[in-house]
Ligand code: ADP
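A lone chain, given as structure tokens: the form predicted on its own.
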Amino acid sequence: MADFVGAVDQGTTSTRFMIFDHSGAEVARHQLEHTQIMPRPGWVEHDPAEIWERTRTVVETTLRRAGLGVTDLAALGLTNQRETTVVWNRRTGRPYGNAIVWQDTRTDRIAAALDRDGRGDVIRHKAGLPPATYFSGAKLQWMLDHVDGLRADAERGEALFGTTDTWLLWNLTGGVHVTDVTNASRTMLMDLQTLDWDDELLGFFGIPRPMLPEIRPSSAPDPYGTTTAGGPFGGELPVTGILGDQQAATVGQVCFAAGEAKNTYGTGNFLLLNTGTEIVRSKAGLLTTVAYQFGADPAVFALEGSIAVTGSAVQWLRDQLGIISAAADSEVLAAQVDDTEGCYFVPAFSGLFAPYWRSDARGAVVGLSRFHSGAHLARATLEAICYQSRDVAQAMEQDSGVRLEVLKVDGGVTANDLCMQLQADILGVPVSRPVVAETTALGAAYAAGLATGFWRDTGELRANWHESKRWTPSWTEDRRAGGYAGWRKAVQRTLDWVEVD
């Protein structure tokens, strides 16, 4: 058997290809950013052709630098930004336009209408999701309603929908139109009980069923397809793992037992709690989602708290305000002060996701005096990441009755030691980072490798997990309670800022 497994990680701001060995250690990687297209306030788009071109480049560059070829890889896994909606032509393979990104809020009126007439309750029960701009169904409806000729092509079976996993799989394999249960569970179109597209839900959005990909397990001993000789791998490689990025991180963090949780810090934050094979319906503003399904085994579910803007708030400091030149500078700048001195930043750029689900919210910086500086704003930005995670952790405890004893963390922001210390202080529980912090790509590799026997079982994967660093709380209870009370007060200032019909 080949010595390595590969994983394409197609994220919100970049695409990377990583290669792992049997111990789960990184062998090689390459990563490239793609353009964030923002044609109007609240609109966020990506160019699918650019994403495919970046994918080709990162695969070819990684293999070349590592001196490896397609025969050195046992399988390929895919993981992706979820909910982001791509539509392309079956015959030409060309997109009908830019992808609508999960952060995009143009569908706020569609989402609001679903709740007004009772359809929202059906969506919550069947799909486990609240009607929100976040999810794919409304984005696809918007495209069908606004892109010339698309609905007619869709009804003729010529237009295809997919999240970016499906788009990449189509291009890598020469036309396989498949997604997995985790990505399908983020559309508002799949019934969690049947793990299939639901005709009633499709009817709510006016979506023709032939547009939709086949739904398969997250780890497939019978491959979804094989890469083509003309593609970036230069030969045939079975694609046997697909997971949405946050579910992939859950697998990469080996959260295979009910009650185990992880928090991924990327463009947004995503805290997932494994609930086993039981579908737990949230009463506290969380999502019910599929965590993974391995082969013929039953699907495993999770409660999820999705936060729209965390790492991207640091990018805002860099790109829009210009007070830092690189994301890592946020730690240096924030460390210049010991406290925000009453300053709070609520980065509700796309409204507020879990547990609030308020599309009418917009970002705010509150508590300012002339004393405050860029250092205070940088520290308030890091604290905002952590306070939003506390909001979700408390909702998760309310729904599950399980209190976090330790929080497993991963993703790019975990390289910021000050932010992770603040997370421990604000939550009041230890925070643990693994040796392999890029657990999203690792989880996709695990799903692919399990399917081919590269790894025998999840026990082998657990043995690969090792802690790199742990942060323990240092704040007093009074400081923790006072800081959080101020945060909740700041959140209230962001609400009812825009009109949503």
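Remember, it's a predicted structure, so these values are computed and weren't measured experimentally. Quick note: we count residues from 1 along the sequence shown, nothing fancier. Here, rigid core means the biggest group of C-alpha atoms that superpose within 1.5 Å across both forms.
Although it is not shown, the form predicted in complex with this ligand is what the next lines describe.
When this ligand is considered in the predicted complex, only one residue from T179, S185, T267, T240 comes within 4.5 Å through any heavy atom, namely T267. The contact residue chosen from A328, A257, L321, A229 relative to this ligand in the predicted complex is A328, the criterion being a non-hydrogen atom within 4.5 angstroms. This ligand is not shown here, but in the predicted complex it comes within 4.5 Å of a heavy atom of S312.
Shown alone here, L140 lies farther than 4.5 Å from this ligand in the predicted complex, counting heavy atoms only. Contact check for G412: a heavy atom falls within 4.5 Å of this ligand in the predicted complex. This ligand is not drawn, but in the predicted complex it has no heavy atom within 4.5 Å of S359.
Here the chain stands by itself, but in the predicted complex one stretch of 313 to 321, 294 to 302, 277 to 285, 190 to 198, 313 to 321, has heavy atoms within 4.5 Å of this ligand.
After superposing the rigid core, the Cα of W316 is displaced by 2 Å or more between the shown form and the other one. Core-aligned CA deviation for A302 between the shown form and the other one: less than 2 Å. For V86, the Cα coordinates differ by under 2 angstroms between the shown form and the other one after the core has been superposed.
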